[in-house]
Every structure is written in C-alpha cells, then in structure tokens.
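Consider the single chain below, provided in structure tokens and representing the form predicted alone.
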C-alpha cells in the first residue's frame, strides 16, 4: 500500500475472541501505521455495508482495501460473501484473505477457484496465530500496492445495480 494511504481492513469475524486477538495483533504489528479496522459479524452485515445507499450531496464511503473473511459465519457463510464480492464489477478489485479454522483441502480449493487472494488457517496455538496475522499485515500493508480508493477504482455502487444480495 502507498505510504500516504491509510490501510483499511474489513474483518468479517463472528468470534469476539478471535476478533479481539486479531485486532490487538494488527495494532501491535505495525505501530507506525494507522490501520483502519471495521468489523462485521455476519454475511448480512457485509452486504449491508457494501450495499450502502448513495446519498445526494455526500461522497460515497470508501470501501476497504482488504477483506479478511472467516468462512464459518452464522447464517450465510463466508463462501457466499466471497462469491458476491467477486461477482460485483467494482468490489472484485478488493483482495480477500480467507482466515478460517478449516484446513479442509476442498474449502481451500473452492476459495481459490472463486477468487480468494490468500487462505490462512487459524492456528489454535497463540504464537502461530500471532505470527500468521503479523505476516498478513506485513504483506498487505508493506509489501503490496493496491488501487487507491480515491482513484475511482473502488467506490460503492448504487444499491439497485450492485448485484449483491440485500
């Protein structure tokens, strides 16, 4: 990411415990960089945010630069979120990192076939969990360049043409 852009992550995680650990590690991994974090606890919340209405005289809210997505969500699962994001003509530019307890090869294969940019298995050992999150932050904050949200490449669609489930 460019040094002038504040990285923004949308974390889709229903476990309060996992989210708290993830948030703490992200904040500590790069204390020199302010990372904006937004959380959703369900697929339905993601769709509500991504379908935010276009309001007259107001700029469209910025979309996240990265989505960190748990597969096992209540209601619609993470696969439905990934599929919807990848089918949306503008949202499909946002990298999606799957962060799941599932190490099932079929889940991993399905996610890559459907556009996941990375797949990390949540470790039950805290040291391994912390290391995985630190690597994720280093890679997506320091190593890669993403389209700038203000460049017009990543903006919200009008709800009626978004293609996302309501």
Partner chain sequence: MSDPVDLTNCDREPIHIPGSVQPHALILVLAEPSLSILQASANAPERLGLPLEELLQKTLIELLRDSDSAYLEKHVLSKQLEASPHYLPPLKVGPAGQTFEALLHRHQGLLILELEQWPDQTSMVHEAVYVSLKHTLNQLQGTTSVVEFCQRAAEHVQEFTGFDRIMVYRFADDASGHVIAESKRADLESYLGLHYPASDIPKQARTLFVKSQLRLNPDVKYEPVALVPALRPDTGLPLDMSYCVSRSMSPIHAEYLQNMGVGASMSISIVIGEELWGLFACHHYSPRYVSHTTRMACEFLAHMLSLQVSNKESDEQHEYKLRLHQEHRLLADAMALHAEFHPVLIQSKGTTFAGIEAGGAALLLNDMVYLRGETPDEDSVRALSLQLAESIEPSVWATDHLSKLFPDWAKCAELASGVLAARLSRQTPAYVLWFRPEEKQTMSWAGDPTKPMETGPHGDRLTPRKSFELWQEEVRGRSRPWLACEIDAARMLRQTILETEVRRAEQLVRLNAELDERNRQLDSFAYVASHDLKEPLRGISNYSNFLLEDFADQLDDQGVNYLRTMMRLTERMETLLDSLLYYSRLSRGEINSRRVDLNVAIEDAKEMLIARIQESGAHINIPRPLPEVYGDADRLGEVFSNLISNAIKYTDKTPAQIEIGWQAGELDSPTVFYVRDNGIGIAAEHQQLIFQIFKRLHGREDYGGGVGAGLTIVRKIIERHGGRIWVDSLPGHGTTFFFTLETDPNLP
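Positions refer to the first chain, counted from 1. In this text, all values refer to a predicted model and were calculated from it rather than measured experimentally.
A second form of this protein, the form predicted in complex with the partner chain, is not displayed here; the remarks below concern that form.
K.L.:
Quick one: is residue 20 in contact with the partner chain in the model of the complex, heavy atoms, 4.5 Å cut-off?
P.N.:
Residue-level check for residue 20: yes, a contact with the partner chain.
K.L.:
With heavy atoms only and a cut-off of 4.5 Å, decide whether residue 28 touches the partner chain in the model of the complex.
P.N.:
Contact with the partner chain, yes.
K.L.:
Under a 4.5 Å heavy atom criterion, is residue 72 part of the interface with the partner chain in the model of the complex?
P.N.:
Yes, contact at 4.5 Å.
K.L.:
Does any part of residue 48 reach within 4.5 Å of the partner chain in the model of the complex? Heavy atoms only, please.
P.N.:
Contact with the partner chain, no.
K.L.:
Between the partner chain and 77, 86 and 109, in the model of the complex, does every residue show a non-hydrogen atom at 4.5 Å or closer?
P.N.:
No, none of the three is in contact.
K.L.:
Between the options 114, 42, 100, 118, which residue brings a heavy atom to within 4.5 Å of the partner chain in the model of the complex?
P.N.:
By the 4.5 Å heavy-atom cutoff, the listed residue in contact is 100.
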